[in-house]
Each structure stands twice: as C-alpha cells, then as structure tokens.
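A single chain, nothing else alongside it, follows as structure tokens in the form predicted alone.
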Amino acid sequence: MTTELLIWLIPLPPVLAFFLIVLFTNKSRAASHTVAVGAAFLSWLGAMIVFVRALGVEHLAEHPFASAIDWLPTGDTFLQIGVLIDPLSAITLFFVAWCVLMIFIYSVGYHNFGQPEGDHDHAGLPPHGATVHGHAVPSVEPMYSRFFAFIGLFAFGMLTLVVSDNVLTMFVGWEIMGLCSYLLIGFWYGKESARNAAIKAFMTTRIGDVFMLLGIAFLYSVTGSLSFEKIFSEEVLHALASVPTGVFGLSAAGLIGLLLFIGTIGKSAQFPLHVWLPDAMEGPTPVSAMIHAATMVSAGVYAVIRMFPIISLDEKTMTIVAFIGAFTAIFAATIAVAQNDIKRVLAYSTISQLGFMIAALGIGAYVAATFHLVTHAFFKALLFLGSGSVIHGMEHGVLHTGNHKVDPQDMFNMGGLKDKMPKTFWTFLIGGFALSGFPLVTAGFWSKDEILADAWAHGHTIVFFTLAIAAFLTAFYTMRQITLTFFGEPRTEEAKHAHETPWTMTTPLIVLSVFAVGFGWVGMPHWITGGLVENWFHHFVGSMLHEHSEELAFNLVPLATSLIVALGGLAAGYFTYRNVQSPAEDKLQIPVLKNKWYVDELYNVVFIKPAVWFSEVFVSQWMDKGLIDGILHLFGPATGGVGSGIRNYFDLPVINRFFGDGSADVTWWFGKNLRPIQTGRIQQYLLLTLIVLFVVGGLLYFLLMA
C-alpha cells in the first residue's frame, strides 16, 4: 500500500466506528468498545507506519507525502482536497495517535465495563453504583455505547485536521471537534451544570470560529487558493506581506493571520475566550483528556503553527500573539493555585501551558512551541487520566461509606492516596514533574526551557520574565495538587477506603508516563549532549521553516531560571501544603483567585445579561409582542371590516343574487312554468306541434314575401 493511500485511510476507522456503533452495536457494550478501540488501534497503526516512513525521507519538508483530488468546481478550476504529511503533521500525527489510543483503552475501565447496571442509574446522569450481595459496587455507565461513538467521531475530526493539505478541510475537522466537544461536555445532560457547560463551550468557541472563517475567506479572495503548498509559496507570501489592508495598519498577511489566530483563541482557550475550558470538566474524564491533550486545544495551537509562515510576516500580529500567550500563561496560573477540584487545577494548567506555546510562536520560537505542544500532550493526557483514576478510586470510598455528599474531586477530601493507589501515584508524579519542568529527566523541562531560552536569546525580556513567573506558579500548584492528593494521612473516610483502578486504566498511565519522560530526550540541546547525539526534534521540525533556524547556543540565564522556578516551585508547594488539612488553612483561598478574577461574573454583567434582556425584553416583548403583534392586531380588525363589507355589499347581493341564487331562481321559474306542458298525452303534443308548424310557416311566409 502506498503511503499516500494509507494517509487517506488513517481518519476513516474512527468515523466508521461511530456509524457502526450508532446503527448496529449500540445494544452491546462489549461490541461497541471493541469496535471503537479496534478503530483507534487501526488509526494508530497507520499513523505509526506513516511516521516511520516519513523518518526515512530525506528533506521531508521539501518533498512531503501528498495527494489531492478535485472536489468542488469553482468556475474553470476545482477546489481540491487532499492529504499532506510533512515534519509538522508527522510529529502531530504521532502524539495524537498515541494519546487517542490510550484514552480509548482507558475509557473501558473508567466507565466500569463488566460491572452491573445501577439500581437507580438513568441515562444522562453519572452512574451511582449498584448493590451486589448487600455491598455497594460501581455500576456501568448507562450510555456506554453512546460515549464510544462520540469519541470515535471526535478522533476522526482531529485526524482529518492533521492530515489535511488545505485550510478548508482543516476547518472541517476543526468544526467536527466543536460539535463533539458540545456532545461530550454535555454527555451527562441530566445535570444542569453539564448542559450549561456544553452550551458555554459551543458558543464561546463559535465566536472564534466566525473570525477564523472570515480569515479563510479573506485568504481565498487574495490568493485564490487554500492549499498549503500554494499559499506558502514565496510569491504568495511576498504578495500577502506587501498588500496593505487599511485595518490597524496591518498587511494582508497580518490581518489574515490575526483573524485565524482569533479562531485559536477560542479553540485553545486563550484570554479572553478561555472561560469555557474549566467548565468542560463537567464531561467524563476521558473527554477532558481528549480535549486538553489529544484534540481540541492542541488543534488550536497546531493551526497557528501551521499558519506560522503567514502570521510571522507581520510584526504587529506577532506582538499581539506574544502578548495574548504570555498574559494567558500567568493569568491562568494564578487561578490554578486556588482551585480545589483536582480536574479544574489541570484545566487552568492547560490554559496556562497553551499560553506558553502561543507566546513562543509570538516571539518566533517555532520549534520550541511545537516541541512543547507534543510534550504537553503526553504529560497532560497522563495527568488528566491520572486525575480520573484518583476520582475513580475516591468513588469506591464514597460507595463504601455511602456518604454521597463528599465530593470525590475535591483534593481536601483526599490525602494519603500514594499507598492506596501506587500505580496512579507514581505515574501522576511523573506527569506532575513533567508539567513542572523537573530538570533533566522530564520532557517538560526540555520543551519549557527551550521557550525561555528563545525568549532570552532574542531579547523578549518581558515575555521571558512573565513566562518564568508562570513556570514557578506551575510547579507550585502542581506540587500543591500532588501533596494534597497523595501525601500525608487520609482526610476523610472515603479516602481511607479508596483503592487502585483496573488495568485498563493504569496501563495507559504507564505508557504515557514513558513519553512524559522519554520524549524530551529527542529534543535535548547540543550543549548538553556535547554533539554526541543530534537534536533530532529541532532538525526535523525546524526544516519546516523557509529560513532554517539555527539551534541556540548555551546560555546560563535561561537554564538557571528553569532550574530555580521548577525546583523552587516544587519545594514551595510541598512545604506550604504538607500539613494543610482543610481549605480554611489554605492562605491562597483568596476570593479573587478562587473566583477566577471574576471574569465569568464580568461577562455575565457585560454580555450575558444584556443579551438576555435584549432577547426577552427588546425582541420578545417590545418587537414581537408589542410592535409586530400590535401591527397584526391593527390589520386584523381592518381586514375583518373590509371582508365583512365585501361579503354584505358585493358577495351576497351581487355574486350570490345574480350569479348564484339568481340563476338558480330563473332556472326554477322556467321549470315551474314549463312543467304543465309536460302532460304525457300524445294528442296534445301533436296539436302543439301542428300549431307551432303553422306559426313558423306563417312567419316564414310573411318574411319571404316581404
């Protein structure tokens, strides 16, 4: 099989699994997850074969795997769709395939496959447990098959986006994921909070997508193409950079790049469209991992990296990108330090880490941003799945005690879980250290250090110090999370009865923890290896740039900064929280941080309430019921009067009298007066005939003689 054909096939298994589950296997849980996991495995296998073949191609950036077919006619030409594997899409395909497969396997255990149906479980609500031989045990998810169908469609959207060779089909995959995020965040639609979170995510990301679609339309109007190969050619890039738009002094490239970037602000939850991502925690934990690591938010950063040749042509756009990224990184990190929900800490961490990547792109650190995108996907998938394992273990404790008032996601209800859940603890610790940038042995250190090194080397001092503070806070809240969750003594009875999760959940954690450590080694800088080992990642992905970027020389300042903020933050987090037993003892439970800088409240006052007033009062009461209904009510009596007049003065006396009842009366009168003639006697008929003949003959005679 040719590589190009194989690339076309990679996204197909998950979408086929979606249709198979919906149409045929939805009644069988085993068949449904077998189809879904099998589909994820086939896509993974195809992705790995393509990735290995891509590694064997010299100068892959100049000679990528590509294939295209005609799709929509556009006059004399056709809009084409196709597939493309270059260094960027190859490395993205690699981490997406691994993360998706691990999440699919994990989901089998997370949704309690093999457990009995719950005593009082209902579709649209999380399972509440079942009673077996007098003991409470976990119950299987009521909508088990539905979940696997949805995440199959989710995976299809991301894989389509990654292998696309043009902006339009990339946007198609982008929108498929938008739909799936709505379906999966609101998966437990019986909960009002889940329904609201799904609507919030859908509406917020749509704001960004409208601007992105405008950017795509503008790009097509200027270039006449949406193919990456054509729009990234030197002639087109030169034209985009030189054509002014008159909008804020931006060139065509700058305005197109800014519009496309606003789409990423929505999709990757950057300020000010970040508000949907923490609420997305209402969905099942595998959904959180899909959104935060394998699909949605990664797609946003991938889109900026993919469109970097255009965005980088305008300094103003680059400045905006750098500012948004750096501000989001520190803004979200300050919120994360005060969150008590184990998943919400990770949600704000994701927003912050995405800010690192966006800021890196804004300062031109293309390779560093891509490197952090990949490493972050692995360790953040690990952390989210690890948090789900923790919650799963705590739910066992809740079932054991029967106290459902205890929140199994609140870290202050945990403690001492390292002995109860050793596999989850060690893998979560690896993921947490990678997120914190623990020196040398974790992937997060190498990718985050490269961003700081780029910022320092190219004179972006403000970005450097902003990201350094954000990195310190990252290490701090990560160690706070680990300490409150795993160290010390259990703070509740539920934590005392928590236990390790099944192998279907712990195996993906172990696999991802290998990548959370080992993947950083493929991007180790030249100065630490002494030239003995090539910086493979920099060489492979850096070849995408028209001007091949040189690896940075060693500089002590960013290295020392990385070490200080990582180790200092971890130490501060541990020593601050090792003896904290309740939220009352947590000095960081500051209202402004705990309430997320009141951004949601601000949006509620500035946007939500005016929109509700506009729709309910202005549109419904004033426009619809007042103006439109008032006009209709005026027309009603007027048209009723006109209709009555026509009926009384024209229809009844004229139409009915002369053409209706009148013609009937005339016919009746003739019939009445002619009826006596019909006597039935032959003699009378002959006599009348004779009289008629004489009359007619007489008339003819006088007429002819005259």
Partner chain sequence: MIPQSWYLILAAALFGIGMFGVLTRRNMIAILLGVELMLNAVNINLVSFWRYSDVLNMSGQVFSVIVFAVTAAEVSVGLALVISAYRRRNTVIANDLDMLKF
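Note that the rigid core is defined as the largest set of C-alphas that superpose within 1.5 Å between two forms. Numbering follows the first chain given and starts at 1. Treat the numbers as computed from the prediction; the structure is a model and nothing was measured.
Note that the form predicted together with the partner chain isn't included here; everything after this is about it.
In the predicted complex, the partner chain sits within 4.5 Å of a heavy atom belonging to residue 679.
Contact annotation for residue 686: at least one heavy atom lies within 4.5 Å of the partner chain in the predicted complex.
Although the partner is absent here, residue 690 is a contact residue: one of its heavy atoms lies within 4.5 angstroms of the partner chain in the predicted complex. Contact check for residue 27: every heavy atom lies farther than 4.5 Å from the partner chain in the predicted complex.
From the list 650 to 658, 53 to 61, 36 to 44, 670 to 678, the contact stretch for the partner chain in the predicted complex under a 4.5 Å heavy atom rule is 670 to 678. In the core-superposed comparison between the shown form and the other one, residue 676 has its Cα shifted by at least 2 Å.
After superposing the rigid core, the Cα of residue 690 is displaced by 2 Å or more between the shown form and the other one.
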